[in-house]
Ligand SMILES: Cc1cc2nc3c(=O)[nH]c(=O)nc-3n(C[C@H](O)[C@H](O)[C@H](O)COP(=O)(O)OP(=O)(O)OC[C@H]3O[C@@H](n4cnc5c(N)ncnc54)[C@H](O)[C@@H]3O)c2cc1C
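First comes one chain, alone, set out as structure tokens in the form predicted alone.
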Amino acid sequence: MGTTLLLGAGFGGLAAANELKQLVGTQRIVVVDGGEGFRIGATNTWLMLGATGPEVATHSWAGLAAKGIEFVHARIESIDPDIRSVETDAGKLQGDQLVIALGADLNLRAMPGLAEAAHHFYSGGGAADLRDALAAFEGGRVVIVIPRTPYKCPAAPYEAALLLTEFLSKPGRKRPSTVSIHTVEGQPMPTGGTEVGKAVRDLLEGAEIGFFPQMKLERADATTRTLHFEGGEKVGYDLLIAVPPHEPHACVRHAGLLGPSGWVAVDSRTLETPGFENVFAVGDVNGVSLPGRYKPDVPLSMPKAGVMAEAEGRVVAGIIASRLGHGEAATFDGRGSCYLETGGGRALRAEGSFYEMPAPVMRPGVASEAELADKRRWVHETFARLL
């Protein structure tokens, strides 16, 4: 039947591999990744606050072999989409279909001074380092800065602020702490629209978390512990937490696949890259333009989140299977959801329909203990489902 080559073993790549193997058992499926294993980014705030155990661990890809999925542990050096081939540090690979699911790289050095000044929780290592910094933190001004969009999990910085406020209010600090968010965004989770934005702002206000929108960071100064913003405004901090600027991996940037958004251009329904037959891009690496807009002059793109990547991966698997003569293919419907923990052992879930016209629709639910339990159940089921 041929070979499907999947680059990246995160949500999108694993979902595509699993789905395609179920649909076309005879297809050779090869997954390539040079990382340490699969982890769920939605648990990084748990790790940041000191949680341990399988929920926050990085899980091995070893179980893929039992499903008949080949795994190559290798660093990807270059991609040739014309012939669907990949150069790795373990040799060259080629497929009849190529699915790029390499996620987004985190680059604190894209913003002057940020790497020296800031902690972050957008990776397992970053969250663990921040955990240690919080353990030693005596109190004071905690500033969360969002210097650039898009970034993975648009709810994460706001969830982190709520959880940190609760965490830092516990006895044992020498000084009281304040938490504030300074963001280039005009509102929290802007693609979600005004309803979800207001809901998050109300949560921040209720927790006495400062929210400062439309602030464009120019540089960070680790020596003076000061952030410098466009227009001359300065903000001091005792502990700085940043959402790292996100960018495509170098091998993707050099492959001629990027569109005007700076991410891999794809068809919004099939996730196929224009001009390259049987080459797809799913998850954080792509830039899916949304048909609707809140403001006529402000284009929108699909939020970068694991649930969206998984849904896209399954759609692509169905399309590949259909082209191989197995069933009818569905197209991506632009629907997804996310959890936002609010503290106090509660979370809310927001449901989004991002292809709606005239603008995307996202509706927040009510925070409850049941929704937090549902998030934890989703984490465990995801590991079981994809690995």
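Remember, it's a predicted structure, so these values are computed and weren't measured experimentally. One rule holds for the numbers: they count along the sequence shown, beginning at 1.
The form predicted in complex with this ligand exists for this protein as well; it is not shown, and the discussion that follows is about that form.
Screening 50-58, 327-335, 28-36, 357-365 for residues having heavy atoms within 4.5 Å of this ligand in the predicted complex returns a single hit, 28-36. Among the residues Val315, Leu98, Ile76, Val288, the one placing a heavy atom within 4.5 Å of this ligand in the predicted complex is Ile76.
A heavy atom within 4.5 Å of this ligand in the predicted complex is found for exactly one of Leu102, Ala161, Ala117, Leu130: Leu102. Residue contact check for His249: one or more of its heavy atoms lie within 4.5 Å of this ligand in the predicted complex. Although the partner is absent here, Leu108 lies well away from this ligand in the predicted complex, with no heavy atom inside 4.5 Å. Interface membership of Ala9, defined by any non-hydrogen atom within 4.5 Å of this ligand in the predicted complex, is confirmed.
Proximity of Trp263 to this ligand in the predicted complex falls outside the 4.5 Å heavy atom cutoff. The single residue of 345-379 lying near this ligand in the predicted complex is Trp378, the criterion being any heavy atom within 4.5 Å.
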